[in-house]
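This document starts with one chain, in the form predicted alone, laid out as structure tokens.
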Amino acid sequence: MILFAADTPSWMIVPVALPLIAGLFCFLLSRRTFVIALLAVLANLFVVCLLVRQLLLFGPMRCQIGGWQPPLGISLRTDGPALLMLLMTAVTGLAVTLYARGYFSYRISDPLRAGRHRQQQRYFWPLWLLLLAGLNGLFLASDIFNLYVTLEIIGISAASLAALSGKPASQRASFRYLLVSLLGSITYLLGIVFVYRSCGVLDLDLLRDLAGNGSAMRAALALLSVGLLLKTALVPLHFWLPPAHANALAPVSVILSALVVKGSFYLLFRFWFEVFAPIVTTAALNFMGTLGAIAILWGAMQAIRQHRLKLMVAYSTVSQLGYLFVAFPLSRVVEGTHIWSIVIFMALTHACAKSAMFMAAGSVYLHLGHDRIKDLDGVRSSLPVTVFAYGIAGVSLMGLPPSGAFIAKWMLLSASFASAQWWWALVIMTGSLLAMVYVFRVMSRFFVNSEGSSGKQTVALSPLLEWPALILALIALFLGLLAPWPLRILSQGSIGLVQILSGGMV
């Protein structure tokens, strides 16, 4: 019998089960889908806040499903990094839900395409809730096979969402995304085979104690990493991301960029710095950092070259993901849990800022009927809140204070200079300057009032299309001022994780 008392770990089940149940009801009750989804994401946010409170009061917890103990049973766990990612997903998910309501309401108001947009809305809500359940399960799962299950749920639902617009370009991009996701899943599954063959267990805590320096475990880590890198879209495995993000519906672009790629990166980072930390070499860390540096520069230069706003924001995602990987080679010179601080602050800032940017891009497209950067004249006068949200999000992506990205980049710069690895600092500063170029390239067009510039607007934009973006952009901007709270949650890590990050890696 499961009792949901305030001081028990049983609440961990709710963030996984609740969106699944709500998604089922969205299929059955198509006329109340938004109400069901809104109640589900609000309840999800409440439960995540409750889990954060439990963590601060009682420390990390584990929940054994059905009472079965590892290695036989399925277990869930909470610690600082997992709950911060859950909180990021819950807050962003609430904003996505509100924005999607305004987005579909606007599109349905067009009588010529109302039927097609109603069908898109009908399938969006259950797929979105299924993906939310997969993300929550990924952050809470405590064994390597159930992580594979959550990755499959996320991949299938994300590819389906990417194809919702029905346009040939989005369908091709979605199919490519699905093939890449399946390839990553197969590679990940082969890594699980190596792990189980070598250790005979799948629980992450048990694996951490059993992982040795054998060739089988090194092969397993390589396979797991390649599979997750495909899903994370790190250069040169990024080819699927820009078309999938740019051609999807605006709420879907937000979900893909802000949340989906963070899940696979979170697993990759956790494997390298917790589960398989004893077999990670300095050469491997430098290799990941090099790929991250290439991603920063390549993604930013491609963003500058783009002519469409959504495609520019998509390539910006490729660039911003690179900063997460530059932290890898600097981990040996960052003391304690600071390496997690760098990654978490960067991930939280990117999720909120990139959500705001894609929301702003979607609102601009609805207003003008296109997203051509050269023809964005006059948008500031008609969509001031949207333009302000885009600008604030751009400040965060550039890493200016007081954003969370500023804290993360400052830590990276300090670590690179302290270890005499100045080239990482050069890449970070160059990437920030390039980000300034592509952000201000769009902002400059927003503030141009050329003669004859007029929007296509036939229906006034709902506040739900503008205010969620602004709120997320402000969260990203002021995350640095709120740093003590995330750091307090982050410090509540598992005992094994704290030991490893405090010098347990060899």
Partner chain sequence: MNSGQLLLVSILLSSFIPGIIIFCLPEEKHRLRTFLNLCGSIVKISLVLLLNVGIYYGHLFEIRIPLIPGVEILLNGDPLSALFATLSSVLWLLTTIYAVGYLEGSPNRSHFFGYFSLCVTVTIGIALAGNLVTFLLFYEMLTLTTYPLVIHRGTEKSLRAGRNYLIYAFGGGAVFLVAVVWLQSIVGPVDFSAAGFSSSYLDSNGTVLALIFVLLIIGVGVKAALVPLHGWLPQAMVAPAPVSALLHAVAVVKAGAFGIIRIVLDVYGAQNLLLLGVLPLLAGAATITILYGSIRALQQDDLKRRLAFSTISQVSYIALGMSMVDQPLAVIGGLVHLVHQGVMKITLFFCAGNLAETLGIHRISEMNGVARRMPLTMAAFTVAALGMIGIPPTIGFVSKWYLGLGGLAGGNWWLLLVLVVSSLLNGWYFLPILIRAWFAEQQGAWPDEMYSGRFETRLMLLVPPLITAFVVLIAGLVANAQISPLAWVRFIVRGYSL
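Quick caveat: nothing in here was measured; it's all calculated off a predicted structure. Numbering follows the first chain given and starts at 1.
Omitted from view is the form predicted together with the partner chain, to which the following refers.
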| item | value |
| --- | --- |
| Partner contact for Met436 in the predicted bound form: the partner chain, 4.5 angstroms, heavy atom | yes |
| Contact test in the predicted bound form: Phe406 vs the partner chain, heavy atoms, 4.5 Å | yes |
| Close approach of Ser381 to the partner chain in the predicted bound form, 4.5 Å, heavy atom | yes |
| The partner chain contact in the predicted bound form: Gly369, any heavy atom under 4.5 Å | no |
| Proximity to the partner chain in the predicted bound form (heavy atom, within 4.5 Å), stretch among 41-49, 28-36, 57-65, 476-484 | 476-484 |
| Answer option from Ser105, Gln421, Ser414, Gln120, heavy atom within 4.5 Å of the partner chain in the predicted bound form | Ser414 |
| Residues within 4.5 Å of the partner chain in the predicted bound form, restricted to 395-429 and counted by heavy atom | Val395, Met398, Leu400, Pro401, Pro402, Phe406, Ile407, Trp410, Met411, Leu413, Ser414, Phe417, Met429 |
